[in-house]
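This document starts with two versions of one protein chain, written out as C-alpha cells and named structure 1 and structure 2.
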Structure 1
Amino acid sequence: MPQQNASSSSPHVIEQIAIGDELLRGLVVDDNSAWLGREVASLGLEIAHRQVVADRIDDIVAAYRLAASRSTWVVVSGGLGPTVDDLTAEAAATFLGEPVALSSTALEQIGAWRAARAQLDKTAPASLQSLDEKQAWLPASADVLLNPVGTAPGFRIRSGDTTFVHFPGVPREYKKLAQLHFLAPLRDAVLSDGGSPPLSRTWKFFGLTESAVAEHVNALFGPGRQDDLTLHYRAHFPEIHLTIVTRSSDRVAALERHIMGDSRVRHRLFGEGETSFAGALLDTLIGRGETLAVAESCTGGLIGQLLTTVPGASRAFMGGVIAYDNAVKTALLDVPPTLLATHGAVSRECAEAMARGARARLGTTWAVAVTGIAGPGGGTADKPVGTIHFAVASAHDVHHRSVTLPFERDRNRLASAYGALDLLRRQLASPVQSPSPTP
C-alpha cells in the first residue's frame, strides 16, 4: 500500500522499548505499542524503532545504549511492578551509572493512591502494602511521573539528548501515563517547533477492499509520496479505515470532496472517527424513532452481539431469534415447512420469510435476516460454502440480496453479519425511502 510520509524532517526520533518475557513468549500481544504508533502518527510523527527485551538486566541495558545512540525520545514499558522479574528501574540506573534510591515522592504517591482507592472500594487496603516500597526505588536522578490509575509510578531519565519515559505495561495505566507524560509534551514540542497542529481525519468503509480505497485516493493525490500529507490504510476486517494526517486543511477538504464525489465510494462509507458500524446504524434508527429485530441462522447471534456491543442499543434494538435449526425458523419465525422443503433454508425465500416473521413477532419497524453456509462443511454444487442470503423487511416490502463469500468460517460469519446490517443501512440512506410507521 502507498504510504506517504509527512515527517521525514522531524527533529523527534521516537523509539519504543517493551520489556517482558511474556511478550517474547507470545503470552500477551503488545497492543500498547500499536496504540502508541497510531497516536504518534496522529501528531504527524512516526515511531522509528521498536525493541522487545527479555527480563534480563544486561539485555535491558544494551537496549538503552542502542536507543540512546539513535533516538531523542524512548518510551519504555513494563517491568515496573513489585515482583523479582521487574528489573527496569535497576537496569535504568545501571545504564546511567548511578544507584537506585528510595524516592519519597514515589512513596507518597503510592500511599495517596492506596488511600484514595480504599475510599472507593471498602475491601481495598488503605495503607502501604509490603511490596509497594519496591516500586519507589528508582534511579537517583529520575523524575517521578504520576500514575493516577495504579500503584506503580512512571519515571523519566535523561542521557545526553535522549529522554527516556517509563510506564507500566498494564494497558489502562500505560495509555493514561503515555497521554499525560509523553503525548502531551510531544504535542507541545511539535507545536512550538512548527506552528499549526496536524489535522487527522478517518473515514470508515465496508464493502470495498483496501486496494480499491487506495486506488481511489491515488487518483487524487498520485501514487507517490507527498511531502505535506501522510495516508494510513488500516484493515479491520471487514472494515477499511482511511486516515489522512496533514497540516493542510485544503488537502483534507479535497480528499473529502473526492470521496463524496464518487457514488461507488460514498455509498460504502459508513462513518468517521470513532463511529462503529453498528453504532452508526443504531444512531440513524434512534434519530428516526424506529426499531429493529434480527433473525439469524448462520450468524448464530453475531448480529445481535454487534448491535448490543453499543451502549444504549436498547433504544432501537429490540432483540430477535437465533434460528439455527430449521424447526426454530418455523416455530418462532413462522417460516412455512413447505417453503423450507421446496427452496431449502439457504434461499431467498427463506431469508425473506425470516425477516417478515421477525418483524411481525417483535413488532418492530425493521427486521434483518441472514441465512447461509459459513463452512467449512455444508456446501453443495448448487450452494457452495459462502452462499449467503440477506433480507430486510419493513411495513412496505422486503429487500433481498445474496453473495458468495470467499473466506473461512469466522470471516464468512462476520462478513455476513455486516452484510445483513449493510442492506438496511443502504436502504435507510436511500433518498426514496420514506419513514415507516411501527406496525
Structure 2
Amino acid sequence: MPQQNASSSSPHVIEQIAIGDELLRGLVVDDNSAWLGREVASLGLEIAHRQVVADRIDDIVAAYRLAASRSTWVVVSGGLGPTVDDLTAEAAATFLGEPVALSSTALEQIGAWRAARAQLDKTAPASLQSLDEKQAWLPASADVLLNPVGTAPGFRIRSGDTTFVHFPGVPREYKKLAQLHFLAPLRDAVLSDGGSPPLSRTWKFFGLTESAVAEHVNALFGPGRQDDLTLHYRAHFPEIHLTIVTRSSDRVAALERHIMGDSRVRHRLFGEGETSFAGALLDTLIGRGETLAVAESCTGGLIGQLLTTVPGASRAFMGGVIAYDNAVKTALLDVPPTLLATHGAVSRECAEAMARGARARLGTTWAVAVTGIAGPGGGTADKPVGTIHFAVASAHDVHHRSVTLPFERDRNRLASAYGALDLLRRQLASPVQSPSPTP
C-alpha cells in the first residue's frame, strides 16, 4: 500500500467505474483497474476512487452521478458489447438526459474492423453482423474513440467539469484504448500544468516479508510520510515489490545504496522493474552460457511452468522430469530403490539423487530438484506437512536446503518452486567458478 500520497494537490482527480455482474460475482478478476492504477502512478498521480457496479441502468447512472460530484476524469470499463446485458451507452445517455443515436463514425469503424479481420482470417465474416449495430448506438453528444483492436468503439462524454471515457472490458482492448484516449491526454495535461512525470523505480525481493522490507526502508527515510516521495509496498506472493515514486534522483540513488549496502537485503533482491524471478535466473544462465534441468515431485511441473513463461527460455532451460511417483524417480532419475526404502522420498538424500539424475540424464550444467509434502495430508510427526527438500547439482557437488513451509497446498507448491530456483540463484551468485557446461 502507498506510504504517501504525492499527488494530493493535483487538479486531476481520477475515478474508475468497472461495470459487470461477472465482476461482482467473482467470475472475472478486474485486472484492468490494477493495470491502470500502475500506469497512472507512473505519471505521479493516483486513482482517487473506484466503483464496481452491476449491469443495471439505475446502478450505473447512480455511479456516474457520484463520480461527477467528486472527480475530473472517470474511466469506465465494460458494457459496450452487442448483447442484452451491455447497457453502458444507454446508461450514459440516461445520465446526460439525452437519447442514444446511431453513430455513423462508430458504424464505419466496426465495418472497417470486420473487413480487416477477414483479410487475416478467411473464416471470419467480412461484413457487419446483426448485433454489430448495437455497439454503434451511443449518447447523442458522445465523441467516438476508435478501437483498432476490436469491434466495440469507445466513447467520451462530458458533464460539467468531469470527463468520462468509456472502454471495452476485454483487457487487450481496454489497455490499447486507455493508452490512446486517456493516458496520452492525461500525460499532456500534466505537462501543460507545469509538472513532469516523476521518477519511478521498483525492486523485487524473495525471502523477505513486507514488514521486513518496510523496516529496512524506514531506517533510511523514517517511518513517517515524506513530502517528496511515495513508497509503495506490494505483496505478490511469494515476492515483495518495493517502488519509489519521486521527482528527486537523489532520493532514488539513496534508496538504491541503502538496499545494496545491507547484505541481508541485497541477497534477497532478485530483480527490478518488469523482471520476473525466473527471468532473472535465466538471464544469468544465458549470460554464462550454461543450461538447466529440473526434477520435480511435489511441485508437479510448476518450476518448468515458471521458466517456460519467459520468452527465450529454451536458450538455457533444457527440460525436466515430473517424478511424482517413486517408480518414476527410479526409472527416469536413477534414484536407487534402496535409498527410497531407507530415507523416503521426502529426504535430503532423495532430493540430491534427483538433482544428480536430472543433470546426468539431460546433460546440463545445472539441475534443481524438489521433493516434499505440500498438504493438506500426508504429513507425519517426523515429516509434517510443509516439509520440503531442495537440491542443486553441478559438475562438482550438490547443495541441499530444507524448509518447513506454513502455507496451504497451493502456496506451499509455489513457494517450493521459488525455493528450488532460489537455491540455484544463490549458487550462481557465489564467487565459486561455475562448473563445466556438460556432465
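Here, a residue number simply tells you its place in the sequence of structure 1, counted from 1. Everything numeric in this text was worked out from a predicted model, so none of it was measured. Superpose the two forms; the largest set of C-alphas matching within 1.5 Å is the rigid core.
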- request: Of these two copies of the chain, point out the form predicted alone.
  value: 2
field: Exceeds or equals 2 Å, Cα of T330 between structures 1 and 2, core fit
entry: yes
Displaced residue check between structures 1 and 2: S69, CA, 2 Å or over, core reference: no
Distance the CA of A381 travels between structures 1 and 2 [rigid core superposed, Å]: 2.7
